[in-house]
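A single chain comes next, written as structure tokens; it is the form predicted alone.
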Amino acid sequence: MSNTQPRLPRPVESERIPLRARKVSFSWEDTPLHWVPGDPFTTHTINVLHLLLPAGERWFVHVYKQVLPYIRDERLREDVIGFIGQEAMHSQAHDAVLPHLKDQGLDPTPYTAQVDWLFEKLLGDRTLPPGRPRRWWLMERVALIAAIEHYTAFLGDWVLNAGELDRRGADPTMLDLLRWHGAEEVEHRSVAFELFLHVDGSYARRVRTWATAFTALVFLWQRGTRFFMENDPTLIDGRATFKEFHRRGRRGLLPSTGAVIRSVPRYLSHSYHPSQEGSTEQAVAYLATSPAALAAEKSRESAA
């Protein structure tokens, strides 16, 4: 019998901080339809976040409220509660962008209705017998969230460092929304994975749900970008292609194809832990200067 022990994920303790929701708000009156000037493709590729996140993060919150009774570690419970608060705020903030898009002639309802169906019906609660079947479905969804959170943290780290968006004159309010959200994703990047390890931790389930999550995200993202490009009232024959995504990635306007590909083996590594990626220090530093986060903090102090 082999004495070799599997390598367990090792968190970076210095990257762990208490989590709290920041009740931010944004005003969209001055944000143009193409908030990356002269670049509707980059604008609409990133705009897909506003289509996916409201329903997706409401689903995160719903699932995590169900899994709270399974948590036996008080510190993790506190992290999960902080995660729930942050994700609920993310959902509200992105949801508030949709009326602005509609006012500019881009009605997202046909697409968001499909996303709502995906999270509420396909991935929602099922009528299952109590015991093992019900727990199995809950654990599947917990693992799916861990896989999705790997990519939300990846995107959060990317947008915090996407200086090319600033150089291209991207709308500062939209950048603040994206970077406030991205910074909080980096802040809580370990919670979903640690919760999965705590309540289940099956490597086979991790691989299976990663494959499901990655395939779904790629499909939904390209479909969402295509929806925006085809329905943008200012464009004639607007198209969305992987070639354009690759080009924007090489310019620093979107995540590079290589970075996306390299993220796969990291998540599937037996030694993977999210705290090994990104920087909590950088995230906290941005949140200390974010106009929306500063306004939320001032409002909180006034109410106290």
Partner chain sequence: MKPRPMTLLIAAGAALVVRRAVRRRIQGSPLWPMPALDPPVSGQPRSRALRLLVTAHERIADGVVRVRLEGHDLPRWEPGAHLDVVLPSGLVRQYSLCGDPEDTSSYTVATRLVEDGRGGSREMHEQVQEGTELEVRGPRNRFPLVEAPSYVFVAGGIGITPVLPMLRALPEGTEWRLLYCGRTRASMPFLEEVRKLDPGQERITVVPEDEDGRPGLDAFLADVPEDAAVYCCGPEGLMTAVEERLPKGAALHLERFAPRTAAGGDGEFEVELRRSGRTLTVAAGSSVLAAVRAELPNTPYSCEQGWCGTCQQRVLEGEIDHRDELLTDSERGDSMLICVSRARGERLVLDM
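Positions refer to the first chain, counted from 1. No experiment lies behind these values; they were computed from the predicted model shown.
Beyond the structure shown, there is the form predicted in complex with the partner chain, which is absent from this document and is the topic of what follows.
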| property | result |
| --- | --- |
| 134, 214 and 263 all contacting the partner chain in the model of the complex, non-hydrogen atom within 4.5 Å | no |
| Contacting member of 69, 258, 38, 32, with respect to the partner chain in the model of the complex [4.5 Å, heavy atom] | 69 |
| Among the candidates 105, 163, 110, 130, the residue which, in the model of the complex, approaches the partner chain to within 4.5 Å (heavy atoms) | 110 |
| Segment assignment from 144-152, 202-210, 189-197, 87-95: heavy atom within 4.5 Å of the partner chain in the model of the complex | 87-95 |
| Contact of residue 49 with the partner chain in the model of the complex (heavy atom, 4.5 Å) | no |
| Contact of residue 27 with the partner chain in the model of the complex (heavy atom, 4.5 Å) | yes |
| Distance check, residue 76 to the partner chain in the model of the complex, heavy atom within 4.5 Å | no |
| Residue 253 within 4.5 Å of the partner chain in the model of the complex, heavy atoms | no |
| Sequence-ordered list of residues in 109-123 near the partner chain in the model of the complex, where near means a heavy atom within 4.5 Å | 109, 110, 111, 112, 113, 114, 115, 116, 117, 118, 120, 121 |
